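Here's a solo chain for you in structure tokens, the form predicted alone.
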């Protein structure tokens, strides 16, 4: 039975899982769980993930959720996956786990919290929260600095001084890609001090082409939609139509 991946490409961890499968030749059926329509709370999906979040997978009778766990499972279960994604060397695996653990309590809440409270909230029926955005920005900036000075330390192109990407690289870069929907000046303000981070993002993108760009296409389209709606909501806006 073919692997099923339940995902919404607007979700950062969903994109990471989909890209990983495509890059490594893992055959799968992608099942859309539309977060904007709250399909993650449907009875059918709750049977797969009782926590009501994407991504999730079903491999035969085996069900699994949480993107880090999914990527570890896929890298271990499918022989087509190259060793550099999740090395057999236990010391290298342990270091990858340390990055992933750091991600969930630092970069993820910083990036996701900032985007949600500065841009996304109105499109999900919520109000923008400048105080929450400011707090998230502090964590995001601290996380970018940690990436620049610690996780990307050394001469390697990827995290932990490696010359090839791991599941940690893909997961964290997909996290940061959500910042693409920000205003360009805001995005440049956040990223410009961190040249290593910018190079690492591009290195990870190049290592996973063409799938990286294809899977992120929905994000670029969403940015155009958000920009238009925000422009129309400004006082004094008049349509030319």
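No experiment lies behind these values; they were computed from the predicted model shown. Residue numbers count along the first chain shown, from 1.
Keep in mind the form predicted in complex with a further copy of the same chain is missing from the figure; the text below concerns it.
Candidate site formed by 1, 20 and 39: none of these residues places a non-hydrogen atom within 4.5 angstroms of a further copy of the same chain in the predicted bound form. Judged by heavy atoms within 4.5 Å of a further copy of the same chain in the predicted bound form, the contact stretch among the candidates 183-191, 47-55, 26-34, 204-212 is 47-55. Although the partner is absent here, residue 134 sits far enough away that none of its heavy atoms falls within 4.5 Å of a further copy of the same chain in the predicted bound form. Interface membership of residue 123, defined by any non-hydrogen atom within 4.5 Å of a further copy of the same chain in the predicted bound form, is ruled out. Mapping the unseen interface onto this chain, residue 138 falls outside it, with no heavy atom inside 4.5 Å of a further copy of the same chain in the predicted bound form. In the predicted bound form, no heavy atom of residue 85 sits within 4.5 Å of a further copy of the same chain. Interface residue among 155, 127, 91, 130 relative to a further copy of the same chain in the predicted bound form, by the heavy atom within 4.5 Å criterion: 91. Contact residues in stretch 56-72 (any heavy atom within 4.5 Å of a further copy of the same chain, taken in the predicted bound form) are 62, 63, 64, 65, 66, 68, 69, 72.
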